[in-house]
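Just one chain is shown here, as structure tokens, and it is the form predicted on its own.
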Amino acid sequence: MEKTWRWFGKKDKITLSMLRQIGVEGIVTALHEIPNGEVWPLEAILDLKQYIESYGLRWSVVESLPVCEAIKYVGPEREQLIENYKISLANLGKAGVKTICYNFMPVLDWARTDLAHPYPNGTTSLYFDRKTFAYFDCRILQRAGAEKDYSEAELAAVEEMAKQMTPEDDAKLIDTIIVKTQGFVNGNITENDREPVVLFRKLLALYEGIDKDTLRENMRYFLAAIMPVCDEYGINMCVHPDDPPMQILGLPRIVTCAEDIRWFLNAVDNPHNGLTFCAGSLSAGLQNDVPALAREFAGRTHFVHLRSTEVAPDNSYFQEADHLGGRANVIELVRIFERENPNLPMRVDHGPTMLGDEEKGYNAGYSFHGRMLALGKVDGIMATVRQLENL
């Protein structure tokens, strides 16, 4: 597999010269300065591509070319947004950038309740606690009918939390769940918005009456519309699994398990319609046997994210695991992909904050030292697999 790295553009504190020194071969990035839904100009794509190549690297994957909410819930501007998306795809194809990661998650791309959860070794990483999320949902967001989504024990825990949480605690949770996720790179809500909860409720309201089957059909419609462009330019679309792979906030989630993946691959049965195999997201669902998923879908996988999670047996929390541990079984995943689809771009996903990373202002989960450590581990796994299996 090709060793790639998610890089947030020319303003990223992690520079391309740093990445070349640690063995990175390909870059995963996007035109983050262009608002969602607008066309990516060919000139801007070529400028960034040439900049990356000037460091001896290549632009391997676009992550992400965002799918606007109005495409997902079918707003009046859907057709124009799809046309803009097709033009952007064509421009990327003309520039020779042909692997596109995207997601079809309503409102939230990802969800965590703590972005700097302490670990015994002194590092920190991302963490999701279900009772804390329930507190946010029921007491801060005050979503209608939220209580029906939680057990009696979870609701009792919410009441206990309510006695202890301060306004400052609530503000931090709002920042973690809404602002940092929505504002991650180029989302719908930014740190400058004064009423993020109000804006977030409005985003949720757009999905009233939209169930799993409806969202599936909206995804099928989108993919069918863009496939002719993908066929013309040889572009591979690869959807990212839902993170976490479970229903949250009353929203339908449609890329959570084997059945979901089979559905969208069969709904638009085109080799350019494929999967971003995010081992971390998939391993956060107890329903998923991650190596089994890799074996089944390796042929339709166009991009790999390697990380792992540890999940409580009662599903009350999940957290980032060491890249050699957790539920994902990264060693077996490398063996599968090196054997079945060896030329895939792969990036180590998420890493602990360590060795001064916390002072650098990196995006949550995207530390330098933590990911560098993970890349070293995965590079060693790949070398061992290739040698033992004569690949």
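Position 1 is the first residue in the sequence shown; the rest follow in order. Quantities reported herein were computed from a predicted structural model and do not represent experimental measurements.
Keep in mind that the form predicted together with a small molecule is not shown, yet the notes after this line are about it.
Exercise for review: Tell me, please, which stretch of 286 to 294, 149 to 157, 101 to 109, 262 to 270 lies within 4.5 angstroms of the small molecule in the predicted bound form when heavy atoms are compared?
Suggested key: This holds for exactly one stretch, 101 to 109.
Review point. Can you pick the one in N329, N36, S64, N341 that has a heavy atom within 4.5 Å of the small molecule in the predicted bound form?
Key: Checking each option against the small molecule in the predicted bound form, the one that comes within 4.5 Å is S64.
**Study point:** Interface membership of H323, the small molecule in the predicted bound form, 4.5 Å heavy atom rule
**Key:** No.
Check your understanding: Is Y366 one of the residues lying within 4.5 Å of the small molecule in the predicted bound form, judged by heavy atom distances?
Key -> Looking in the predicted bound form, residue contacts with the small molecule include Y366, since a heavy atom lies within 4.5 Å.
**Study point:** the small molecule contact in the predicted bound form: H302, any heavy atom under 4.5 Å
**Key:** Close contact is absent here: in the predicted bound form, H302 is far from the small molecule, nothing within 4.5 Å, heavy atoms only.
Review point. Does any heavy atom of R253 come within 4.5 Å of a heavy atom of the small molecule in the predicted bound form?
Key: Residue-level check for R253: no, no contact with the small molecule.
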